[in-house]
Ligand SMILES: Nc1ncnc2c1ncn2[C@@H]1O[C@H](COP(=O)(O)OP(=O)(O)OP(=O)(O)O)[C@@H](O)[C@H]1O
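Given next, in structure tokens, is a single chain: the form predicted alone.
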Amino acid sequence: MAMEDPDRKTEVVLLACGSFNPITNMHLRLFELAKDYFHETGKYKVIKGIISPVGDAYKKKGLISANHRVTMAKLATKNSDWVEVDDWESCQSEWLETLKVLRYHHQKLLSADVTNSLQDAVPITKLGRKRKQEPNRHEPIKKKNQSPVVKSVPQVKLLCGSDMLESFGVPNLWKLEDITEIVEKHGLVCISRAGNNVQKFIYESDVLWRHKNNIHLVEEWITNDISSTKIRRALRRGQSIRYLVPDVVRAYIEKNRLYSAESEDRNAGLVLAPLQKHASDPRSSQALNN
């Protein structure tokens, strides 16, 4: 059996967007499950995971400040050698569509790739000194319009749970054109939780069905039903959350007295940012399943 050439594997960056209110062990498990899945295919190499907490302008009920949510996420990933936290999205004054966050990270990788290619191609010489021509030095012949061999840029794929995928069907929550670009140009990695019939949802959507080969469904055999909502509920009731979130996150929550009945009422009565933005937009996803 021929050995796989590691250089020929497609490099993948996993991007998880969401509230992370607070980050839980389940959020971290999504990355590990997705990484295992891709590596087991033999076709991909996951090089990085990115956690991008949503900004305060999202206006979700019970959403505490981005500063706290980003700090907890950074604490949770402190010992990870491949998952990191990016605060660009959370620092924006306005709510950003997930597609824009995907584009930002894709562009960031493109820029880094171009910079690295230039550094590899251009020899570093000291200014003001002419290099002596070595008599037998081999100079490569440059052909007209010859492009340097550039390693392909890693693919940025959106990592999510089945609940996010199924939210594509909620009227006015997503723009149809955004969903199309996400699944067509980037790709989805969906970790299906127990009791979610994701395949049926994809089957019932023409857009998702058309790009089903770019939607990677990962079965979660060791089921884990931890959610941020349940964590906040336990905290409001004075119950233990030990072993449900990383210890450093639990300590941070206790120290800063986060999540109470008062914090859960934050943004109460406000319309969620995407619903407010897309309500009058005919391109929203109400037609997803047509």
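A residue's number is simply how far along the shown sequence it sits, counting from 1. Just so it is clear, the model here is predicted, and its values are computed rather than measured.
One more form of this protein exists, namely the form predicted together with the named molecule; it is left out here, but the text below deals with it.
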Can you pick the stretch from 252-260, 235-243, 40-48, 222-230 whose heavy atoms fall within 4.5 Å of the named molecule in the predicted bound form?
222-230
Although the partner isn't part of this model, could you tell me whether His27 comes within 4.5 Å of the named molecule in the predicted bound form, counting any heavy atom of the residue?
yes
Using heavy atoms and a 4.5 Å limit, would one call Pro154 a contact residue for the named molecule in the predicted bound form?
no
Does Ser192 make contact with the named molecule in the predicted bound form, using a 4.5 Å heavy atom cut-off?
yes
4.5 Å heavy atom contact, Cys17 and the named molecule in the predicted bound form:
yes
Assert contact residue (the named molecule, in the predicted bound form, non-hydrogen atom within 4.5 Å, options Leu75, Ile215, Met164, Leu109) equals Met164
Heavy atom within 4.5 Å of the named molecule in the predicted bound form, from candidates Val85, Cys160, Ile202, Leu102, belongs to Cys160
Note that the named molecule is not shown here; using its position in the predicted bound form, name the residues of 37-75 with a heavy atom within 4.5 Å of it, in sequence order.
Lys60
